[in-house]
Ligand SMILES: C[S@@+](CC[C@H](N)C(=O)[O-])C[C@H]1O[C@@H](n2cnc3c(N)ncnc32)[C@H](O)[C@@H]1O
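A single chain, nothing else alongside it, follows as structure tokens in the form predicted alone.
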Amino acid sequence: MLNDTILHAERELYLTLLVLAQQQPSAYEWLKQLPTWLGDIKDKANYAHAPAYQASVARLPELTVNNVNLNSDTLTIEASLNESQRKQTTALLKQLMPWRKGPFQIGGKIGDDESGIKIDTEWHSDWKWQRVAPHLGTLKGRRVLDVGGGSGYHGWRMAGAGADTVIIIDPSCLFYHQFMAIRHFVGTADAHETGRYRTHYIPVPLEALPEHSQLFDTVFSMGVLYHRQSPFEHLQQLKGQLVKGGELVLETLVIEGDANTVLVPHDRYAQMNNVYFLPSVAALIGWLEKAGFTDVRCVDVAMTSTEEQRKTEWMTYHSLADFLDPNDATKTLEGYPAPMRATIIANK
């Protein structure tokens, strides 16, 4: 028996954008492109694994869900699982590996890992959320865009914090289907009084969105800026999605230094070949001010530890410990400073 989770989620996205377009005509541009965006992610010519991922989501069993907590560190879907459902669900979710952003738990109760399926992801994304959340303006009733949202963990937490609408974007075919797998079990737990879903996913990069939509009260870009060849273009694109006075939450890799310090890795950085610019906090604040943001402030700086990012049963490839100098954990394999992340909040 196959489920129609993806179809239903995409219908909900259409309806959300339709309602939004009645208040904000720029959302019609999104609606025009939506069929292409949603068609491309399922096209085997674009993504060889797309049919297999879709099949994994469609075969997830229907569970009797007792409670969903979108505001717990481990996003927990409380449900009773019999042994057959546990085996089937675990096998299907493992076909969507590697799981990088989380953690999630399906079955059992919060804090009771034994009776549920714990998706122990590579990243303790809850630690990042704990660092960011205290500094946010309220998310209650706001429209939120989460850029590069991965499997959607932070997007669900935004809904849990009271956001009216959350749209996650990320061009990864795998992450899109991971989100849909969690969406299957969350069901209507994030619904408005109207019954409409609040949390949605569009599988595109930021640059694919219509420019200057000005649809969102809060825009998150966490772990994206250092992958962009043109950081100023990224900042302008983020600004274009914000309403006037809206809040930007930017989290990215930084290095020690003054307002003129920027590291441009020659080849790889921590074994990543798509890292372009690592500014100091002072330089990053200057970039945001130059891009036209106001009230720019750094609210957190944290070294990334091998407890926060690590290999697990659900992500079996190399992780941070493999990317650091084995004789000096303060440096990457390439000799650069080890990963340090700053969170900046600014306004349009």
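What you see is a predicted model; the values in this text were computed from it and never measured. All residue numbers refer to positions in the sequence shown, first residue = 1.
One more form of this protein should be noted, the form predicted together with the named molecule, which is absent from this view; the next part is about it.
Just one listed stretch, out of 191-199, 140-148, 261-269, 68-76, contacts the named molecule in the model of the complex at the 4.5 Å heavy atom level, and that stretch is 140-148. 128 is the sole member of 183, 118, 239, 128 with a non-hydrogen atom within 4.5 Å of the named molecule in the model of the complex. In summary, among the residues 187, 171, 98, 210, the only one with a non-hydrogen atom within 4.5 Å of the named molecule in the model of the complex is 171. Residue 223 belongs to the set of residues with a heavy atom inside 4.5 Å of the named molecule in the model of the complex. For the chain shown alone, residue 93 is not a contact residue for the named molecule in the model of the complex, no non-hydrogen atom being within 4.5 angstroms. For the chain shown alone, residue 277 is not a contact residue for the named molecule in the model of the complex, no non-hydrogen atom being within 4.5 angstroms. Interface residue remark: residue 157 is not counted as part of the site for the named molecule in the model of the complex, having no heavy atom within 4.5 Å.
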